[in-house]
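In the block that follows, a single chain appears as structure tokens, in the form predicted alone.
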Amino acid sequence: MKLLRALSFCLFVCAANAFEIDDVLDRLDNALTIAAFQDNLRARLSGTIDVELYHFQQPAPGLIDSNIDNLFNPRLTFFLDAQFGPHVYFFAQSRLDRGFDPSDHGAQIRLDEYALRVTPWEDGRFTLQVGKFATVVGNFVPRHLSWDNPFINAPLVYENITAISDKAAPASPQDFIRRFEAHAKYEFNPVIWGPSYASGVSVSGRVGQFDYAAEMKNSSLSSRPESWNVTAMGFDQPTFNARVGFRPSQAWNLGLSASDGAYLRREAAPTLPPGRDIDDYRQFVLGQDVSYALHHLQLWAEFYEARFEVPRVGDADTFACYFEVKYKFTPQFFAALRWNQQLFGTVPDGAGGRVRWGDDLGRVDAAIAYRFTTHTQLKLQYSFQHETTGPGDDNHLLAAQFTVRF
């Protein structure tokens, strides 16, 4: 009850102040935009302030890193966009928060994204991009930021920690099956870690009803945020990702994605079998995505088949998918519903049999959001997660997020 009263008070204060700060933010927006060299150079600094409140059961679900049930998670994000003539574009994203994922740790500041993009032709048939940026795989990443995401968290496939570890190889099949501990989950990895801001180079473009994108990155889709910097992980074992999209009409967008790369970090090398190398163990991902938009209705879905080659174990397969719907009741008010599922295959148990290497999960996310102004937005979310195999542990999550965009 104390949390609910505190949440209600915070939301009331946020709503009351939303209209007062709107005029200030409009003036700030103009002040943070500059033009020079006869408008050949245009640059804009923008950002968001996110205030998040979480209430959940232990162990914390997804990528939330907290040993307490009630979490306050503020975040300040800056975006720099610069256009140099008609063909060259630069962007960067920096954040001040308590960690890349929600946590109860101390404050830190990071440069999450920076990239230079060159588009030689105005029809968009080809674009070259170099830097540290989000993956081209799937259709969630283009809407993963707080202002664009109908929910507060990501779909299950982007945040459910599995028994895969990039820091050390299992000593045996039994070790692989038993070593995962929910309270030490940050030693392990999901299929895709959020937007996967790894470093590298990409090419993309659109030709008729088709669009394409391919990238070479320094770490795999499952890699943790500290692996994304070039200084942490070089290009000794690059990952290759690609997506091909087809737009049969304005309403529909269909896509096929693929990824292949080594998923182990350098410190895992001493734990590998004799004579084996990090590059011998890879992550393969095949994804399908679809989206639909008509009037007030938007639909998204993604399906992922992933395989990890695990030392001393063999192939560990998993399938994950989600279906998401958003409906805008008014220009300011919308609601969203998302169903997620992840299923796990079997691996040798070391005794002549086979056993499931993870507990199958199902999760339902429901959210409502209201945009008070063009600069302020409030989201409320409830999530219910259920293990459909194993002990059948459930987890309930309540979350609120107030965003100020400038």
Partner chain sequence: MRCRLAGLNTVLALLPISVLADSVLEGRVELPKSHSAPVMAKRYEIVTHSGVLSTQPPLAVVYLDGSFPKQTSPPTKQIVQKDLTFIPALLPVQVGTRVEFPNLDDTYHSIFSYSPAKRFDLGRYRPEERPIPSEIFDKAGLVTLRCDIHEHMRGLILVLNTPHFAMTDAEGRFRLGGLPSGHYTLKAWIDSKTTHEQLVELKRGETVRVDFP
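Keep in mind the model is a prediction, meaning the values are calculated, not measured. Numbering follows the first chain given and starts at 1.
Separately, the form predicted in complex with its partner chain exists; it is not shown, and the next lines address it.
Engineer: Heavy atoms within 4.5 Å of its partner chain in the predicted bound form: which stretch among 41 to 49, 340 to 348, 60 to 68, 359 to 367?
Structural biologist: Result of the contact check: 41 to 49.
Engineer: Of these, 182, 335, 290, 251, which has a heavy atom no more than 4.5 Å from its partner chain in the predicted bound form?
Structural biologist: None of the others qualify; the residue that does is 251.
Engineer: I need to confirm a contact call. Of 98, 117, 312, 265, which residue comes within 4.5 Å of its partner chain in the predicted bound form, counting heavy atoms only?
Structural biologist: Only one listed residue qualifies here, and that residue is 117.
Engineer: Thinking of 35, 127 and 134 as one candidate spot, does its partner chain come within 4.5 Å of a heavy atom in every one of them in the predicted bound form?
Structural biologist: Every residue of the spot touches its partner chain in the predicted bound form.
Engineer: Check residue 74 for me: does it contact its partner chain in the predicted bound form (non-hydrogen atoms, 4.5 angstroms)?
Structural biologist: The answer is no: residue 74 has no heavy atom within 4.5 Å of its partner chain.
Engineer: Looking in the predicted bound form, any heavy atom of residue 276 within 4.5 Å of its partner chain?
Structural biologist: Looking in the predicted bound form, residue contacts with its partner chain do not include residue 276, since no heavy atom lies within 4.5 Å.
Engineer: So in the predicted bound form, is its partner chain close enough to residue 168 to count as touching (4.5 Å, heavy atoms)?
Structural biologist: It does not: once its partner chain is placed as it appears in the predicted bound form, residue 168 has no heavy atom within 4.5 Å of it.
Engineer: Although its partner chain is absent from this view, report whether residue 270 comes within 4.5 Å of it in the predicted bound form, heavy atoms only.
Structural biologist: Close contact is absent here: in the predicted bound form, residue 270 is far from its partner chain, nothing within 4.5 Å, heavy atoms only.
Engineer: May I ask you to list the residues of 90 to 114 that have any heavy atom within 4.5 angstroms of its partner chain in the predicted bound form, in sequence order?
Structural biologist: Sequence-ordered list: 91, 93, 113.
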